[in-house]
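Quick heads-up: it's one chain on its own, the form predicted on its own, in structure tokens.
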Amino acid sequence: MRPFLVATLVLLLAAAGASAQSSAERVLAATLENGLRVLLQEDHRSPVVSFQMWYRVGSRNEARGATGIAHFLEHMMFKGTPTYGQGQFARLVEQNGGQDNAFTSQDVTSYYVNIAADKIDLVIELEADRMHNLKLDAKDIASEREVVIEERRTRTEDDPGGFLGEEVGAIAFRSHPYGPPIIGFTEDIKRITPEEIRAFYKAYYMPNNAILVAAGDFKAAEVLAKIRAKFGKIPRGTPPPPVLAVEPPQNGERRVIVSKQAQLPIVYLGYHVPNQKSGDAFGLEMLSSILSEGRASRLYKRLVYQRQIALEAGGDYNYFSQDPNLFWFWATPMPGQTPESMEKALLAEMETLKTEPVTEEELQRAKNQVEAAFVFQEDSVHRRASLLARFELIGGYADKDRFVERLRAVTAADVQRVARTYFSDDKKNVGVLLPRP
């Protein structure tokens, strides 16, 4: 990128960042007497609102033998209450021109509705109702069980990448519950009882374990009063048990090789790294971008474009992870290339980062990419609300305003240091999928 373009983009990002920061300062934050955390941000650019419920529960909160129960319960949250019967939640949202969905991760379960701003009263009523009054009928659980099993089959068992990722997670985590898959093991999904699901709902779906976030065309003080009227009636629950498991240090390379019906091999590498509580988090974020973000990234440029030995290659670092997690790399070799050569090529790129500092131009380009992606999310009320929730989950929504500033402070020496610290040969978790006819 030419210096003039770099400088121009930096100025644009600075202006956008200042705008985002000033808008973030207008967040109305409150904690109800029952413990519900509420974040409201006015955005009057269009007559829509994104209303989101974030529960502090995911697969990390599951017990052995009950994997997948958090995701199973996510499905059941759409099955109705005594007031609003089966399917009425989604039907009412759709009839009023809105969209709703949900997801379960390792750390959280999130539900959202994007709808016309004048329909926010309806959403407040629906979400408050299902937080406390879910039916969880045994027949509904039995029918949804088959839906979840089919989802697992299509996303994991019949998907080579998902299948291999699950196997690598299993060898990488020996103690921490990040090891089992979010969707759960088939044997557990088949076994989980209605009583267990009801107990899980009672233990985690309570106001003092949730964050309510809304962004859009409303008056925050008025919406907060409506939230107090509906959600304030729900009693505070017993605080859920904390996750105390700590993954012990890895003492040597771990490797898994699986055979699966697929067209091409896949190579995964996973390294244990700290989460955002560490001072190295921003160096890791930059390293991830330099290696794998876009067509100018090293993995794409060198392995896919220049050497043409990989069909695709990438990596990922989860900055918002509640506990220390894995830094992932993966690549799919081109036909004729072996998994062994692909693994060596991935490791060679990491070794280069350890021995040669990245150039200032490459570092600035990576910063621009991350900043642009971060700042331009403010254009969407949905993404604006979800970012507030994610930062609140890891320490406080106000940290969102400092993210770009801390990112800009990363140096080439920081990137080289984290590469040397966390990516040693005896700390890697390797997964190789070999195609089977």
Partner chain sequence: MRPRRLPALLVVLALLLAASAGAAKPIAHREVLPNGIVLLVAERPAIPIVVVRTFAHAGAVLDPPDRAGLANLTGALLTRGTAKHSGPELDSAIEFVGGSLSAGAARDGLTASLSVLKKDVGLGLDLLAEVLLTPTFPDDELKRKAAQIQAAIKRSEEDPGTVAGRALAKLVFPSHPYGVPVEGTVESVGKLTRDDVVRFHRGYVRPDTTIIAVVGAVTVDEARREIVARFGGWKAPAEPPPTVSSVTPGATPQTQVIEKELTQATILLGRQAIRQTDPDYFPLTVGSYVLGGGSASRLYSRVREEGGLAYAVYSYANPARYGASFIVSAQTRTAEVPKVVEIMREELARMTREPVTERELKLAKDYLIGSFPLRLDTTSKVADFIVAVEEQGLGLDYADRYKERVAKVTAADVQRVAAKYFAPDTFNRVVVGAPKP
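Positions refer to the first chain, counted from 1. As the structure is a computational prediction, the values presented were derived from the model and not from experiment.
The next section is about a form of this same protein that is not shown, the form predicted together with its partner chain.
Interface membership of Arg153, defined by any non-hydrogen atom within 4.5 Å of its partner chain in the model of the complex, is confirmed. Contact between Arg64 and its partner chain in the model of the complex is not found at the 4.5 Å heavy atom cutoff. Looking at Gln263, you'd find a heavy atom of it within 4.5 angstroms of its partner chain in the model of the complex.
At the 4.5 Å threshold, heavy atoms of Gly232 stay clear of its partner chain in the model of the complex, well away from it. With the partner omitted here, the stretch from 239 to 247, 214 to 222, 166 to 174, 332 to 340 that lies within 4.5 Å of its partner chain by heavy atoms in the model of the complex is 332 to 340. The contact with its partner chain in the model of the complex, taken as any heavy atom within 4.5 Å, belongs to Glu94 out of Glu253, Glu195, Asp316, Glu94.
Proximity to its partner chain in the model of the complex, taken as a non-hydrogen atom within 4.5 angstroms, holds for one residue of Ser297, Gln106, Asn325, Ser288, which is Ser297. For a residue to qualify, one of its non-hydrogen atoms must sit within 4.5 Å of its partner chain in the model of the complex; none of Lys202, Asp399 and Ser424 qualifies. Using a 4.5 Å cut-off on any heavy atom, the one residue of 406 to 437 that reaches its partner chain in the model of the complex is Arg436.
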